[in-house]
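Only one chain is given next, in structure tokens, and it is the form predicted alone.
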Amino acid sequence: MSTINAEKRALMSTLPGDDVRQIMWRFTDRYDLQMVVQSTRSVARGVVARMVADKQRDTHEWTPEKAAMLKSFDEAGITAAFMEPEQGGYISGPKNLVLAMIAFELCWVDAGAATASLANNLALEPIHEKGTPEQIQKYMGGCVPPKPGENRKIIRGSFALTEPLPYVGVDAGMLSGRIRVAEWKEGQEPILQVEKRGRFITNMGYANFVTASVDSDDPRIKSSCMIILEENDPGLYDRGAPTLKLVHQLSSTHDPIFNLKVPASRIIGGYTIKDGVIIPNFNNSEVIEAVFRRTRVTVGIMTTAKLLSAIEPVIRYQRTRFRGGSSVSAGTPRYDLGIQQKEDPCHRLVDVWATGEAGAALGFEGARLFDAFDVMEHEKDKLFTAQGIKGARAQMKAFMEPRKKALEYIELMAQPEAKRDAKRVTELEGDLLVQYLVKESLADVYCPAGKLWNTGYGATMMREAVSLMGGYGITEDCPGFLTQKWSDAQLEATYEGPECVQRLQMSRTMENDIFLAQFKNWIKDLRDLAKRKSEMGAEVLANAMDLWLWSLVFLQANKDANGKTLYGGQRQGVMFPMADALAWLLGARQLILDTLELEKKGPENPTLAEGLPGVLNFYSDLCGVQAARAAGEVGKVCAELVYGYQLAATALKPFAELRGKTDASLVGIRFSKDRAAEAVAQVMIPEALDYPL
């Protein structure tokens, strides 16, 4: 293959290992997380891999073998990783990065296993985020495996949001579940009648409790809410028939039916009574928003793990493709490289690899963002409670002045460090509400962007990975279970809201002036980076970001030929493609930042010292590949929208100049793919996969 443009550079000698990942994903100082990764990996590549190899995915039923998998999760510390130490867990503080790493390791082998683990946490999330102290202690403490000598059984939960509406999953806000007062004796707690039919409910085959979304069917109950149902409550707790899934078969999915009497104290977050009316402290939407704004990040990581897990099996297949033939002898290029003698398979694998790395960069940054944001959010809630600030309108008013300060802070951070007002920066960094707004503006974009791009485009690239295995890719014994992973990815694209839900959220949050102010700073930083590291595609990405930003402002300010505003309202044909384009930019930028982190911290690790130049060269080239692809996608989307809704192009000279500048900055960037492909063809891989098949 061609490797024009190059002085000979160091090549990556082996596949990236934990030393590289810990630096790039920022957990070199988290020994607790490193131990969770190792214990989860042991279960995934041992117990779970054997289950897949033994065809446990071939049945919809919850088998003894699948039940034993939960026991292995308990023993490895996976189940308790979500809980706080006072609840029986062993990791303090926010758990977004912890859960993302668990999902990554399990999905490296099988997504159904990851779902079985994560679904229990999803059932607990409403309680964790909005529950009363009593609810939190009872259910989160109950889900921790009993310690030796402790006389109790572990409980497991299920999250019942979706219902048997036509085309389930299209609108999770449509509720047919109902709640009403069954009995309310004077001076006693109200007893509620809950009716709920669930659809596609994970863990339902064995769940001891359910957190269910319901709407009021009684004037004595003010609003919708989420409520906890237990299997021993009076009435009907019917687990329903197993869902006939084609994917994620290692998780238990049923269509349950509930008709139960439960005490009002099971309303998540509690309630108050006013004028004989039960008023839940949180309605269903408030609980769901708090849950999904975090858990979507983890689902995005699930598809990313599949892509990165495919690299080694594909390399192995490509290199050994011709071995065994009478005309192929050891030591010849045909024997050593197989079809990697040719450019196309290596280039296509580079695309798969770059997508996986960018997805991991975007997803894990989202997890880290929420770890920081969660602390601020709880502090903000305490502050507002103490000040008597309640409700969305009151909070919006309270944030008016901090919003101005947040924009001031971002403007200060754009200045060279030597020119900043250090005292003012310190003041603003110590202002909780200012920093809350800064982090929130990022988290509200990164969460849906990671879910949208990682699962949507990730599923497309998973198909590409399967195709690189030739006919072997669609067999049961395909190394790495790639066919099953490709199938599983289709479901992950719809988990916790399909692509349209993520695009809708992004189309709103990416307009936030605090986010856009930071976005402008990123463009400047990329231009500065390009002056010293041109091969990473920083200039290309900066120009593409400029083009996207100009297009957004133009679309917001202009109307189409029919006099309708281009961006806003229900113009999803405009807003949604712009959200897609932004997701491409975020992933490419975060991959660059992760590579810079490796460049900075890698020399501190003695085990990386010898091979670090080659690893950095490879990742820098992947950055160039991804930046070029992102620029292409952004240019295509923006050109179609900006030109496509106008009747004359003559008034769009600024756009044409920006588009031309972006295209021109691609000069030489394709050599990044050539160099990365050369590394792919020469990198050493282990003699055998580390799990069956």
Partner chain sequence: MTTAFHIVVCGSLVPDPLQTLEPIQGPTGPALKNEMMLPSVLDPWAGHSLFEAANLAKQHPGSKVTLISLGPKAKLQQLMMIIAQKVPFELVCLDGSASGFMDSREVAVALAGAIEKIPGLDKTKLLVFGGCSSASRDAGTTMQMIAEQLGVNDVFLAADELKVQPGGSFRILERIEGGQYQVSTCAGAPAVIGWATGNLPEPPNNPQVGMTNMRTIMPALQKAQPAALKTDAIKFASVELPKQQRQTRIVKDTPVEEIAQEIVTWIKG
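These numbers come from a predicted model, not from an experiment. Numbering follows the first chain given and starts at 1.
Note that the form predicted together with the partner chain isn't included here; everything after this is about it.
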Query - Full three-residue contact with the partner chain in the predicted bound form, heavy atom 4.5 Å, for 35, 75 and 477 - result: yes
request  = Could you confirm whether residue 333 comes within 4.5 Å of the partner chain in the predicted bound form, counting heavy atoms only?
outcome  = no
* **Touches the partner chain in the predicted bound form: residue 90 (any heavy atom, 4.5 Å)** => yes
query: Applying a 4.5 Å heavy atom distance criterion, does residue 42 contact the partner chain in the predicted bound form?
result: yes
Determine whether any heavy atom of residue 615 comes within 4.5 Å of a heavy atom of the partner chain in the predicted bound form, and answer yes or no.
-> yes
Partner-free chain; cross-checking the partner chain in the predicted bound form, the single residue of 275, 417, 610, 150 with a heavy atom within 4.5 Å is 610
Only one of 386-394, 569-577, 82-90, 362-370 has residues with a heavy atom within 4.5 Å of the partner chain in the predicted bound form, and that stretch is 82-90
Contacts from 676-691 to the partner chain in the predicted bound form (any heavy atom within 4.5 Å), listed N to C, are 684, 685, 686, 687, 688, 689, 690
